[in-house]
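A single chain, nothing else alongside it, follows as structure tokens in the form predicted alone.
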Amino acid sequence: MMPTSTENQGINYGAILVISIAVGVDIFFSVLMAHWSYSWFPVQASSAAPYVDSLFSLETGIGTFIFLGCTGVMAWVILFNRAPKYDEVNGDPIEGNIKLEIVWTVIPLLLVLAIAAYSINVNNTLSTLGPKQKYRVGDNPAALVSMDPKSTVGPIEVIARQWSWEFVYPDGVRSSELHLPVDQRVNFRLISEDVLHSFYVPAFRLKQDIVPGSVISYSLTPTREGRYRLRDAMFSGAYFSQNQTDVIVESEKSFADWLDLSAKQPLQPGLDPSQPLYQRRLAKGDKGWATVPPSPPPLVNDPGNPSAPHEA
């Protein structure tokens, strides 16, 4: 009886070619999606925005590569390796492939470490561009004047309440809209008069919670002139979605002129965006779940122009 011999199949160049093409197509669309992701955001209007967008672009590209790779393999199996009709036989058990187990363990580990390293680097950069410190209300006021010695403007007090914003500048000017000079590092003192709020300017890529009983120092540098939207991104009651106002970034001269002009204006009620909704509720009999009445509008020198169009 002749001994049986195992036929040497050799290298499957066809499979290598198909896999190489599939990986190349996957990389192409992943890079394309990472590039497209920049257009999903509002305009970049602060020095921090490019770093945040680059991190998001990297994560989008990696996520796209993994998603297309997994769905591509599943689609290939469904189209070309599906079982014949009425075939209910279990597939051959495959186990003990140490090389494959090492590959699918090491690759995700390297991807996670790469994302973590890049994220830490971006976070450290943002900490340099806009340092953040937290103080208790009642701390020595003299110590709060120079929260950020590198800032050239401020500190500007940002006062959040249910449901309106108030901004107090170093010379005492008060406004319902936030005015900032372009390309100047600005320091804020974030204060809440009631509950938890969130200072969120999408164009700045800034979202900072405002904690009751604390003063939070935060700095940023606006880099693009324009009118942007400030939103309360933290649920702070029934009308928190209306707690919005505009941030006007302008030239240094325009900012100084606005301060001089506003200082000459008498105090008047500022923006109170939640009041119309509350009055509508009262007109319908104040029915439904109990809500907190909005705080009285702040008295400001410049109430702003809520009808002016904003970019983002």
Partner chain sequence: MSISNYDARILKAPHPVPGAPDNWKRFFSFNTDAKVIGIQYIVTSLFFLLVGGLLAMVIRGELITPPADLVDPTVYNGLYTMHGTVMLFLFLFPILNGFNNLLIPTMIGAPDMAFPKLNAAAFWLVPVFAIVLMASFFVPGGPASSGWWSYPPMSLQNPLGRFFNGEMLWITAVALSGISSIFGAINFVTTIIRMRAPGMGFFRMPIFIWTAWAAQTIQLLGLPALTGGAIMLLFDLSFGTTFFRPEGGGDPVLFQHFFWFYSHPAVYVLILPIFGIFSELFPVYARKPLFGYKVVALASFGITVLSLIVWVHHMFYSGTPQWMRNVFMLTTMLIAVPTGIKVFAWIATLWRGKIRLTTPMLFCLGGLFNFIFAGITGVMLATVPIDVHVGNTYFVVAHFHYVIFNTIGFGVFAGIYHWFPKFTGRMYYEGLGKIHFVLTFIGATLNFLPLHWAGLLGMPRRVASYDPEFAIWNVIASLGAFILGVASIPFILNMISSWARGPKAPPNPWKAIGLEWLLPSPPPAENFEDDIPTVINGPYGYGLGKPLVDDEEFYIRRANEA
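Computed from a predicted structure; not experimentally measured. Residue numbers count along the first chain shown, from 1.
Separately, the form predicted together with the partner chain exists; it is not shown, and the next lines address it.
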(request) Check each of Pro273, Pro42, Pro50, Pro269 and return the one that places a heavy atom within 4.5 angstroms of the partner chain in the predicted complex. (result) Pro42
(request) Heavy atom within 4.5 Å of the partner chain in the predicted complex: which of Val182, Leu196, Val168, Val153 fits that? Just give me the one. (result) Leu196
(message) So, a 4.5 angstroms cut-off on heavy atom distances: do all three of Glu252, Ala283 and Asn305 pass it with respect to the partner chain in the predicted complex?
(response) no
(message) Please pick out the stretch from 80 to 88, 153 to 161, 169 to 177, 219 to 227 that is in contact with the partner chain in the predicted complex, where contact means heavy atoms within 4.5 Å.
(response) 80 to 88
(message) Within 4.5 Å, heavy atoms only: does Asp209 come near the partner chain in the predicted complex?
(response) yes
(message) I'd like to check something about Gly24: if you look in the predicted complex, is any of its heavy atoms closer than or equal to 4.5 Å to a heavy atom of the partner chain?
(response) no
(message) Would you classify Ser295 as touching the partner chain in the predicted complex, given a 4.5 Å non-hydrogen atom cut-off?
(response) no
(request) Verify the contact flag for Ala238: yes if a non-hydrogen atom of it lies within 4.5 Å of a non-hydrogen atom of the partner chain in the predicted complex, no if not. (result) yes
(message) For a quick check, can you give me the residues of 76 to 112 that have a heavy atom within 4.5 Å of the partner chain in the predicted complex?
(response) Trp76, Val77, Ile78, Asn81, Arg82, Ala83, Asp87, Glu88, Val89, Asn90, Gly91, Asp92, Pro93, Ile94, Glu95, Gly96, Asn97, Leu100, Glu101, Trp104, Thr105, Pro108, Leu109, Val112
(request) Taking the shown form as the reference, report whether the CA atoms of Leu129 and Lys253 lie closer or farther apart in the predicted complex; the distance changes by 3 angstroms or more. (result) farther
(message) A 3 angstroms or greater change in CA distance between Gly130 and Tyr228 is reported in the predicted complex. Closer or farther than in this form?
(response) farther
